[in-house]
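Consider the single chain below, provided in structure tokens and representing the form predicted on its own.
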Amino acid sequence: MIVRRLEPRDLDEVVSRVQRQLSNDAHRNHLLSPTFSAEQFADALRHASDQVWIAEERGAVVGHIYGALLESPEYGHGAWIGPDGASFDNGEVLAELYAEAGLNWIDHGALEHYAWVFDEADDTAPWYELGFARMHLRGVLALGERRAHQLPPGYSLRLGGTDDLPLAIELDEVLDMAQKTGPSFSLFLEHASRPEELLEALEDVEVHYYVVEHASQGVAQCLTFPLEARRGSFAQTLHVSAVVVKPEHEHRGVAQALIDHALNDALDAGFTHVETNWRVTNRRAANFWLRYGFRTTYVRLHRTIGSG
């Protein structure tokens, strides 16, 4: 087996491999979109050819890997492998590809490595053997009938805006503190959004900021926005994020009613699916979203170079 950079003669085979892989993912999980443009993907590979590695054995392509190098305040300088960013005939092929590509990423200062992988044991096992661990889950829900949970007496819901920036900052800090408790223990990660980022979100006409009030005080929130096109997601998909309820108002059905209202609006607006992400160690979030009806599709795996 040899590992080398992508060459023009490899394009058709890599595109075919990825198309089969994504089709198989969608067959195994109906919450994944099977839509795939071979032409667009081939163009993307051409533009990133110097960052795509090919595994070749006896003249045949047996795998590929590509990681986009990105900088993030929360996730650091990392290499990101999407659902279409790796294909391999077996774990040994992945190991050889990662050995070559990973060294290049490290040389570029990218010490955080992330991979979105279909959430089944056979799919994730080869990555675990390379030192990756589960980090975030992508949950998806298909929209159908309207939802009917009501807020408890004394609570009301409204759409917020830029005047709610102080409240958004306050509730974002509540969410950040929740991430730092056990078993997540995200003590050294900054999850809280910067005020300018929150203001930008509140100013965006496509973002809906839902606020739950009690005694004229904001006590819960969530943000929704149309999801940009990404591999495996349906075209009309809404993303739900920044869901938080102040601790003293938990266990009263506030979150359930809040999400019901947001998803009813999404259904009325023509969305067909909803997605959200949660950290695997955040058991409360996991239990809430799974009880609500979301089902996992991809898991984000993570490895920090130098930590194991």
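Position 1 is the first residue in the sequence shown; the rest follow in order. As the structure is a computational prediction, the values presented were derived from the model and not from experiment.
Missing here is the form predicted in complex with a small molecule; even so, the following discussion is about that form.
With respect to the small molecule in the predicted bound form, the three residues 245, 250 and 289 uniformly fall within 4.5 angstroms at the level of their nearest heavy atom. Contact with the small molecule in the predicted bound form, defined as any heavy atom within 4.5 Å, is confined among 237 to 245, 52 to 60, 266 to 274, 39 to 47 to 237 to 245.
Proximity of residue 66 to the small molecule in the predicted bound form falls outside the 4.5 Å heavy atom cutoff. Under a 4.5 angstroms non-hydrogen atom cutoff, the small molecule in the predicted bound form lacks residue 262 among its neighbouring residues. Residue contact check for residue 165: none of its heavy atoms lie within 4.5 Å of the small molecule in the predicted bound form. Remark: residue 284 counts among the residues lining the small molecule in the predicted bound form, judged by a heavy atom distance of 4.5 Å or less. The partner is absent here; in the predicted bound form, the one residue of 227, 178, 135, 130 having a heavy atom within 4.5 Å of the small molecule is 178.
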